[in-house]
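As a starting point, one isolated chain is supplied in structure tokens, in the form predicted alone.
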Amino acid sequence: MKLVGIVGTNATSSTNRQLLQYMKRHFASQATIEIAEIKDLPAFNEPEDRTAPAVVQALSDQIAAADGVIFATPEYDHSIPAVLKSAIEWLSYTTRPLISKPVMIVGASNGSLGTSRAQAHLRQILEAPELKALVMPNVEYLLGHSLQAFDEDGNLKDATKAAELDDDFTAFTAFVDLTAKITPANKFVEKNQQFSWSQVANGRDL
């Protein structure tokens, strides 16, 4: 199984990046996880021809080639970072690789709540008509007090949180396998990739 883990921040030092790096190592026997950065993406600026910049296209190609996506998001002011929202807007407006793509959301925060509000907001965003990601339900991996969560080797110190992540990741791989069996044919995906609100306004709702 091939997965893409998206670091949802442009911060140089990030416990969300650490979390994905841990998952890449820890679950290597179950899946190949490529870690994707968004820190070099330009701020979203609506292109007239809907063509993605090369760096956005590269991220889109990674997502399209993967069986599933893991978003690791911090929480800023009860929501996701602006840089992550910008990256999602690029994907939404141009290539739309997240349509029918299985998604797992995780998050690390030095606060006690561990990005709970940001994860709820991200889930809502990813279910938008222009995105239509298949976000795994009933699972929230919330890593609180994340600055103290990893040992010097980058492993989770708390055995309970490590076991919880094991269970959540096993559930996600099963979710990916299940969605592969029930996802509509490629023509449905291609049709939805052409979605625009102007079609709805003109009575041509998909």
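Treat the numbers as computed from the prediction; the structure is a model and nothing was measured. Don't overthink the numbering: it's just position in the shown sequence, from 1.
What follows is about the form predicted together with a small molecule, which we do not show.
K.L.:
Any of the heavy atoms of Ser14 lying within 4.5 Å of the small molecule in the predicted bound form?
P.N.:
Result yes; Ser14 sits at the interface with the small molecule in the predicted bound form.
K.L.:
Using 4.5 Å between non-hydrogen atoms, is Tyr76 touching the small molecule in the predicted bound form?
P.N.:
Within the cut-off, so yes.
K.L.:
My question is simply whether Arg117 lines the interface with the small molecule in the predicted bound form - judged by any non-hydrogen atom within 4.5 Å.
P.N.:
Yes, Arg117 is a contact residue.
K.L.:
So, in the predicted bound form, is Asn110 in contact with the small molecule at a 4.5 angstroms heavy atom limit?
P.N.:
So Asn110 counts as contacting the small molecule.
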